[in-house]
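A single chain comes next, written as structure tokens; it is the form predicted alone.
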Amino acid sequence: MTASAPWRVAGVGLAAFAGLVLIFLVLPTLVIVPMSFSSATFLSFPPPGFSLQWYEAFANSPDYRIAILNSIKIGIPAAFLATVFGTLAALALVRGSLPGKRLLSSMMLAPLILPQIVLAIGLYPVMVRLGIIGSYPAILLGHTVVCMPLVFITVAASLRSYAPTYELAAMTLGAKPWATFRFITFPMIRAGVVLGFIFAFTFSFDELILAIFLTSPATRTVPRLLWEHLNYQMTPVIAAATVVLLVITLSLLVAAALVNRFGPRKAGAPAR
């Protein structure tokens, strides 16, 4: 009893330290919430009074409505394409026998690891040469590239969570490759695919650097509109729009956590 007391004290201290770190990480983000309800005509903290006028201005702004629609029109197809190609890449590199799989897996993560400004500078002249700069296909292709690693990570983790003997048994019994994927592989990795889609859409919805380079005033997304407004005006409507963006992002992350919590359980031993 006496010997465990120091460990309990250490546990309490560790929990307190973790709480302080969490507050340090989250608090700067939450400061924007009271600023969005400010009665002042400029961004200030603490707010001098309470008002919903900036949320009303946000709801009545045609610029924000168009930007939200653009973010959805770009985010859903980009997440879908990233899910398809990221899943295919994970299947090839986890279940396949390709030479240099470790190197190829590292290259798949490159768009996520490299600074996005580097990727944006590389994509910009390509889109100009193709004549699609400022259009939906340009930003759609860019977001698909940066979102693919997220899907690759979640699907590859799902594939490695169970042994390939289930697929081998199905094919030994005469199942075709497509039937094996549809009835054996996909049900096992479905949670990883859905998680990858949610993460990809969330990333696309919040992405700014590529949007600055590849979109135009007609295709600008919510993060780019916020960035433009921060350059020319500092009204609390920016805070209101940011809070709405924050709520959407947190909702998607909660959905991802629920998918992970209630998804299919591991059905076999690790592949490796």
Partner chain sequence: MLQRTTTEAPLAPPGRAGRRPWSPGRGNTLLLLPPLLLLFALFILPLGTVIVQSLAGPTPGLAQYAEVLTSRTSLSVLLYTFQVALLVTLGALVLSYPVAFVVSRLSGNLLHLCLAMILVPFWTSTVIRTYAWIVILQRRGVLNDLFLDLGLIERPLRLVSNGVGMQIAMVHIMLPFMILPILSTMRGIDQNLIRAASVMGANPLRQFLSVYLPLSLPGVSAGCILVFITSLGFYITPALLGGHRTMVAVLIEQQASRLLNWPLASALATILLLATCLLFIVYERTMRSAAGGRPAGEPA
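Please read these numbers as outputs of a predicted model, since none were measured by experiment. Numbering follows the first chain given and starts at 1. C-alpha atoms forming the largest set that superposes within 1.5 Å between two forms make up the rigid core.
There is another form of this protein, the form predicted together with its partner chain, and it is not shown here; the text below is about that form.
Student: Check residue 131 for me: does it contact its partner chain in the model of the complex (non-hydrogen atoms, 4.5 angstroms)?
Tutor: Answer no; every heavy atom of residue 131 is more than 4.5 Å from its partner chain in the model of the complex.
Student: In the model of the complex, does residue 105 come within 4.5 Å of its partner chain, counting heavy atoms only?
Tutor: Taking the distances in the model of the complex, the answer for residue 105 is yes, it comes within 4.5 Å of its partner chain.
Student: Indicate whether residue 14 is a 4.5 Å heavy atom neighbour of its partner chain in the model of the complex.
Tutor: Residue 14: contacts its partner chain in the model of the complex.
Student: So, residue 190 and its partner chain: in the model of the complex, are they within 4.5 Å at any heavy atom pair?
Tutor: No, residue 190 sits far enough from its partner chain in the model of the complex that none of its heavy atoms falls within 4.5 Å.
Student: Report the residue, out of 40, 57, 69, 26, that has at least one non-hydrogen atom within 4.5 angstroms of its partner chain in the model of the complex.
Tutor: Looking at 40, 57, 69, 26 one by one, just 26 meets the 4.5 Å heavy-atom criterion.
Student: Please tell me which of 76, 179, 169, 88 lies within 4.5 Å of its partner chain in the model of the complex, judged by heavy atoms.
Tutor: Looking at the other structure, the residue within range turns out to be 88.
Student: Quick one: name the residues from 103-131 with any non-hydrogen atom within 4.5 angstroms of its partner chain in the model of the complex.
Tutor: If the 4.5 Å heavy-atom criterion is applied to its partner chain in the model of the complex, 103-131 yields 104, 105, 106, 107, 108, 109, 110, 111, 113, 114, 115, 117, 118, 119, 121, 122, 123, 124, 125, 126, 127.
Student: Align both forms on the core first, then report whether residue 254 has a C-alpha shift of 2 Å or more between this form and the one not shown.
Tutor: After core superposition, the displacement of the residue 254 C-alpha between this form and the one not shown stays below 2 Å, so no.
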